[in-house]
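The data below hold one chain only, encoded as structure tokens and taken in the form predicted alone.
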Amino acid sequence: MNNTGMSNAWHHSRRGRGHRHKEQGRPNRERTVEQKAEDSVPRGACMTMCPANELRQREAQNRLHRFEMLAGTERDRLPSADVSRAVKEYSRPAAGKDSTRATDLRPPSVLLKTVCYLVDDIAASSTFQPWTEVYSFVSDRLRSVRQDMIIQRASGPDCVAVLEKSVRFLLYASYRLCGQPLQYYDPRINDTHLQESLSWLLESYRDGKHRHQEEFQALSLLYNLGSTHALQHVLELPERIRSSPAVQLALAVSRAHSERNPVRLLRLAQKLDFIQVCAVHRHLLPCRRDLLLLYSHGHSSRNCRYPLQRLARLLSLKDPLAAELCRVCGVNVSGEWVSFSKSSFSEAASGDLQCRRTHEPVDDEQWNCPAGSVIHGCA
């Protein structure tokens, strides 16, 4: 080989070795970047429900909630804080404010204990009233819990448990406080927090098997009836989850809703447990109106009468409430009989019959569930 050939071969060899060294070094650099990013994520070091710094500040500024005050100091000019009852409040991110200090962040285990305290000692308490104030306090503190989780990029079983209890609480609140004045309960804000928590929870389920996954996949579909995204998500689930009884029932309800079959939907709704009814309840009043509209066209006749008791059974309502809904929708009620007319049917205005009025179940005993049992998933 002449000198020129040897020179070219040497250069090619050097370039090849250099290329291989670059390829080998790239994964190492990527791992280093990932490790640095992981190391830069703050880790909580606060082992109490409320950081000491915030507690002193709120105590000095008289910003303690009455649920957090030390017994006997409520009437003082500056009430004292009960460390065992004070919970970190939600704080909006602001410029120049450091929200990543370890001493102000609670680790996932403490966050889960905080949520259990909020459920057992506040939401389920019979001494703290009215429940609108309980909701305001608990929902704010749950928002703070989720904020701590986001900052720490928390994941794992504790994170999933926190989200599950948060979703159940927000679903329960949407049912219990339905129809309350906006200054006490805003359904749109509750819906925003609920959808965010549900989305995060369903994403967390991708990490592996979880005990309550079937329950919450079904709740998500029931809450979002009519959403093609929610339905597509369920249809893409693994067979073992999709074939579970809870998900199958939710799919049947979704199918009845998409087919505009209110009779079948209301019949299926009678098989739902309490938390599932909380998820689907906002769709039931429009469904009942659809049923009356359907019957007003199908049984429209001057000489045709329909038994009120049978109609009430189809509507899953007690007779007096079924009669009231009929009158609101322009359906004539005379004693124990109903007369349908497609010309007299009218779409009820939203304020004519509030959704919460139709919450009264046919079987009262079925719904006597304590709040704590519902939120912990024991009902």
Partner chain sequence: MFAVTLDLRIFANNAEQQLQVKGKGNVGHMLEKAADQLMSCFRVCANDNRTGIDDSKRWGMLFLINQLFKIYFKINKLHLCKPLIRAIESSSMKDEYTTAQRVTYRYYVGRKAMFDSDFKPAEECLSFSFTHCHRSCQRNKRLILIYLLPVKMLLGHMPSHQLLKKYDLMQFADVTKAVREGNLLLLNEALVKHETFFIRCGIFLILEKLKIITYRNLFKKVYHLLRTHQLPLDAFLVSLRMMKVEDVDIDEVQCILANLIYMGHIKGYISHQHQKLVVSKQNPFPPLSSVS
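Please read these numbers as outputs of a predicted model, since none were measured by experiment. Residue numbers count along the first chain shown, from 1.
Keep in mind the form predicted in complex with its partner chain is missing from the figure; the text below concerns it.
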**Message:** Exactly one residue in Arg282, Arg305, Arg143, Arg101 has a non-hydrogen atom within 4.5 Å of its partner chain in the model of the complex; which is it?
**Reply:** Arg305
**Request:** Have a look at Ile150, Ile189, Leu182, Leu235 for me and say which one sits with a heavy atom within 4.5 Å of its partner chain in the model of the complex.
**Result:** Leu235
**Prompt:** So which of 108-116, 123-131, 73-81, 236-244 is the stretch with heavy atoms within 4.5 Å of its partner chain in the model of the complex?
**Reply:** 236-244
**Message:** Just checking whether Leu231 would be counted as a contact of its partner chain in the model of the complex - the rule being heavy atoms within 4.5 angstroms.
**Reply:** yes
**Prompt:** Would Arg310 sit within 4.5 Å of its partner chain in the model of the complex, counting heavy atoms only?
**Reply:** yes
**Prompt:** Is Arg260 a contact residue for its partner chain in the model of the complex, using a 4.5 Å heavy atom cut-off?
**Reply:** yes
**Item:** Distance check, Gly298 to its partner chain in the model of the complex, heavy atom within 4.5 Å
**Value:** yes
**Every residue of Arg255, Arg267 and Leu293 near its partner chain in the model of the complex, heavy atom within 4.5 Å** = yes
**Request:** Select from 313-336 the residues with a non-hydrogen atom within 4.5 Å of its partner chain in the model of the complex and write them out in sequence order.
**Result:** Leu314
